[in-house]
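Let's start with one chain on its own, the form predicted on its own, as structure tokens.
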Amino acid sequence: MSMPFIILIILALILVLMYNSLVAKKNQVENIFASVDTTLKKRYDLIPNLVASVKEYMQHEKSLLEEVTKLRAEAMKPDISDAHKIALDAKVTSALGSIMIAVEDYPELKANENIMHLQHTLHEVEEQISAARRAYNQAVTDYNNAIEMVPTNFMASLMNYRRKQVFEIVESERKNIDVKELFN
């Protein structure tokens, strides 16, 4: 075998490995996002039960319940983009947190067995979503690194791969908790 032919084979092998690595990272991101999506669907399925359970007690928070219902309906639409799903997740997380805080103001509701069960189930689902978000963000970081680093960035550009968005916490959750206020 001639030297140029060996070099050509080595270059072809490197290109195939880079291509396969990029495809594997893209598929990993899509696979993990599907897991996040499944867990989010589980949360969205719980929302009607939660709203139905608290509706009669929480007449003053009617707008909050309507907002959660509206966000759920929007999230359940087919063919929404991943970026839109990520944005909706942040809004639903915030709205559900507000409902759980509002429940504290209704002693009868707070003691209701159905509400306690829903709170427990929502807490479990939120933990699952949190774990899925971490896995997704790690896969997206690996993918984004691969499409931006040399030499895979050249092939990623040819394959029309673009940066993917990670899940980020909402601004309200970034604030420090005022412990003093919790005890008042």
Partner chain sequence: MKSVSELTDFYYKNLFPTLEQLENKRKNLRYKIVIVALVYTLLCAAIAYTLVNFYEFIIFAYIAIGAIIYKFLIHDYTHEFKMSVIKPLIHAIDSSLLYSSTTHVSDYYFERSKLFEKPDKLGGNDYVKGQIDGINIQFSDIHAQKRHKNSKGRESWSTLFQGLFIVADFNKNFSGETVVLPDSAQSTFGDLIGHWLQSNNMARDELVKMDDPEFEKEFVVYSTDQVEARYILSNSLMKKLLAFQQKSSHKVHISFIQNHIYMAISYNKDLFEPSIFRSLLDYKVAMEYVKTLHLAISVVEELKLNQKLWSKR
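Positions refer to the first chain, counted from 1. In this text, all values refer to a predicted model and were calculated from it rather than measured experimentally.
This next part talks about the form predicted together with its partner chain, which is not shown.
Output flag, 75, 87 and 162 jointly within 4.5 Å of its partner chain in the model of the complex, heavy atom basis: Per the other structure, none of 75, 87 and 162 touch its partner chain.
In the model of the complex, the residue from 27, 49, 138, 153 that sits within 4.5 Å of its partner chain by heavy atoms: Exactly one residue meets the criterion: 138.
32, 146, 40, 65 - the one with a heavy atom within 4.5 Å of its partner chain in the model of the complex: Checked against the cut-off, the match is 32.
Partner-facing stretch of 66-74, 53-61, 154-162, 120-128, counted where any non-hydrogen atom is within 4.5 angstroms of its partner chain in the model of the complex: Of the stretches listed, the one contacting the partner is 120-128.
Heavy atom of residue 45 within 4.5 Å of its partner chain in the model of the complex: Residue 45: no contact with its partner chain in the model of the complex.
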